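Here you get one chain, nothing else, as structure tokens; it is the form predicted on its own.
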């Protein structure tokens, strides 16, 4: 009994340590102040100032840039990562282990090293500054994570299912799209969401490769430049709160949908 209580207390402490800062940001987003007080009372001024502040145009443009780069790079990363994972899964045991280890190098490597390496690559081969460099950089950074999400589903899949589809007359492309992809779709969705999140969250690769004269900013680089000059404005607390709530809602929706599908499948089997 004591052991169970201590385990619960430890879990609560860990959860509080992880999420209390986020909860505080959400709470103080309704104060429209940066000194963490409610001297102005409870209000929605910080949320309103997202659209009415003199910097609203730059903020919304940074948000559009973030979404544009994240969507394009995550879609391409998902296609490349899924294709690569399927190809790796068909390799022999030794070669598969080697390729998997190579794929993990960008994951365990320092992001600063990768950002500078990409900059050297872009400058050497004269890639134009701007969106092209940023999108390619985010694709290179995110694709290994997609591979790592898709591979476990391929390992769990019975390869005889694919062979059976071929025996029943399906072409390799039809067997891939109608049999393999639906089976590994949870891994594909997870890989896409992770790639999208990594792209939205990235700062170092974007900051180093966006180019000094392009004027392109994402949320992360705009926050940095804004905070460096005059400190965080109150509306940033509202922005952070909105991002967290949206991400939380998406995660809950996906998990509840998976649970609902699992219950329906279980009911049919029963």
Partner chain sequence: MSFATKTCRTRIKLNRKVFGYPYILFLTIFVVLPLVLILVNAFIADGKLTLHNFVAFVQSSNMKVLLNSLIVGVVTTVCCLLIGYPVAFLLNKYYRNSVMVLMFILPMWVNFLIRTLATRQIFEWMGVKLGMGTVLVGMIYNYLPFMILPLYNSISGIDKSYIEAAQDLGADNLTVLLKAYIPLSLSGIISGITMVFIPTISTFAISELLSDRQIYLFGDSINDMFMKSSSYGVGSVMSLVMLALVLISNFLMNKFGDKEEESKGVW
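Take the two forms, find the largest set of C-alpha atoms that superpose within 1.5 Å, and that set is the rigid core. Residue numbers count along the first chain shown, from 1. Because the structure is a prediction, the values reported are computed rather than measured.
As for the form predicted in complex with its partner chain, it is not shown, yet the points below apply to it.
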Legend entry - Interface membership of residue 184, its partner chain in the predicted bound form, 4.5 Å heavy atom rule: no
Legend entry - Non-hydrogen atom contact residue 220 with its partner chain in the predicted bound form at 4.5 angstroms: yes
Legend entry - Distance check, residue 197 to its partner chain in the predicted bound form, heavy atom within 4.5 Å: yes
Inset, instruction - Although its partner chain is absent from this view, report whether residue 240 comes within 4.5 Å of it in the predicted bound form, heavy atoms only. - result: yes
Inset, instruction - Counting only non-hydrogen atoms and a 4.5 Å cut-off, give the residues of 138-172 close to its partner chain in the predicted bound form. - result: 139, 140, 143, 144, 145, 147, 148, 152, 159, 162, 163, 166, 167, 172
Inset, instruction - Align both forms on the core first, then report whether residue 60 has a C-alpha shift of 2 Å or more between this form and the one not shown. - result: no
Inset, instruction - Take the rigid core as the frame of reference and indicate whether the C-alpha of residue 205 shifts by 2 Å or more between this form and the one not shown. - result: no
Inset, instruction - Take the rigid core as the frame of reference and indicate whether the C-alpha of residue 70 shifts by 2 Å or more between this form and the one not shown. - result: no
